[in-house]
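There is one chain below, alone, in structure tokens, taken in the form predicted alone.
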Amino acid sequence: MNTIPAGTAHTAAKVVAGSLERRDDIGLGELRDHLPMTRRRLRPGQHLYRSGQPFTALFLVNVGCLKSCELSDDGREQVTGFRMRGDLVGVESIGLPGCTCDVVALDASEVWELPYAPMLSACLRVPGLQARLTWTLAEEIRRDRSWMLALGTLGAERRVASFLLDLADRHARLGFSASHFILRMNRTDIASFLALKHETVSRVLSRLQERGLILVERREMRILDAHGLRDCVNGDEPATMH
């Protein structure tokens, strides 16, 4: 069984599994009133930016899904997050001369480029805009911190279940179905993000399907029993899968 203290694991599971509060996205119209924004369309597999490029802007995702990733010490790609509509991309590079990671479109995507210097000037003129942007930046930090906590305390099955519930919650907040959606990321990307092996993710998905909690066919995901999936997140599992 896991040796992580039960209280710590339960807290991590609760934070990730559908507990993120609903928020109001920054309106494009509101931003366009104060910033010289540029719309950029990306093809699947196209980079929005690469690590080391000069940091000059944040990006607001309007359509599609993107992944952020870094190279580990041994040269492997490590996925650090998935960004969907309403998410700000580039937050991790604020205050630095260059971008700290690669960001790649997972499907046909559209983002709005928010030049950073004009954005700071607009925030000084419009306190309401500053408050909205600060809140959004803080939520991105909270989400990343929650996942760091979960990855450090949850076992394999609970990580995968938390990931699926988080995706369901994010789809619901965007006005889409929380029980039927397409996984824009492949198994390898999911495994990298959850710090698991590809084979482990596949086995966990198969096990969750056998228990009647989900139905997955390639990238089509149906959550059949959300309550059961949450019970899985909050329960115990043998620490035999890595």
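Numbering starts at 1 and follows the sequence shown. Just so it is clear, the model here is predicted, and its values are computed rather than measured.
Another form, the form predicted together with a further copy of the same chain, is not on view; read the next lines as being about it.
Within 4.5 Å of a further copy of the same chain in the predicted bound form, a heavy atom is found for not a single one of Leu114, Ile190 and Arg203. For the options Met84, Leu165, Leu106, Leu149, the one in contact with a further copy of the same chain in the predicted bound form, meaning a heavy atom within 4.5 Å, is Leu149. In the predicted bound form, no heavy atom of Leu215 sits within 4.5 Å of a further copy of the same chain. Glu92 belongs to the set of residues with a heavy atom inside 4.5 Å of a further copy of the same chain in the predicted bound form.
Contact annotation: Leu137 falls within 4.5 Å of a further copy of the same chain in the predicted bound form, judged by heavy atom distances. Under a 4.5 angstroms non-hydrogen atom cutoff, a further copy of the same chain in the predicted bound form lacks Glu199 among its neighbouring residues.
Contacts to a further copy of the same chain in the predicted bound form (heavy atom within 4.5 Å) from stretch 70-92: Glu70, Leu71, Ser72, Asp74, Arg76, Glu77, Gln78, Thr80, Arg83, Val91, Glu92.
Compared with the form shown here, the C-alpha atoms of Asp73 and Ser51 sit at least 3 Å closer together in the predicted bound form. In the predicted bound form, the Cα-Cα separation between Asp73 and Ser202 grows by 3 Å or more relative to the displayed conformation.
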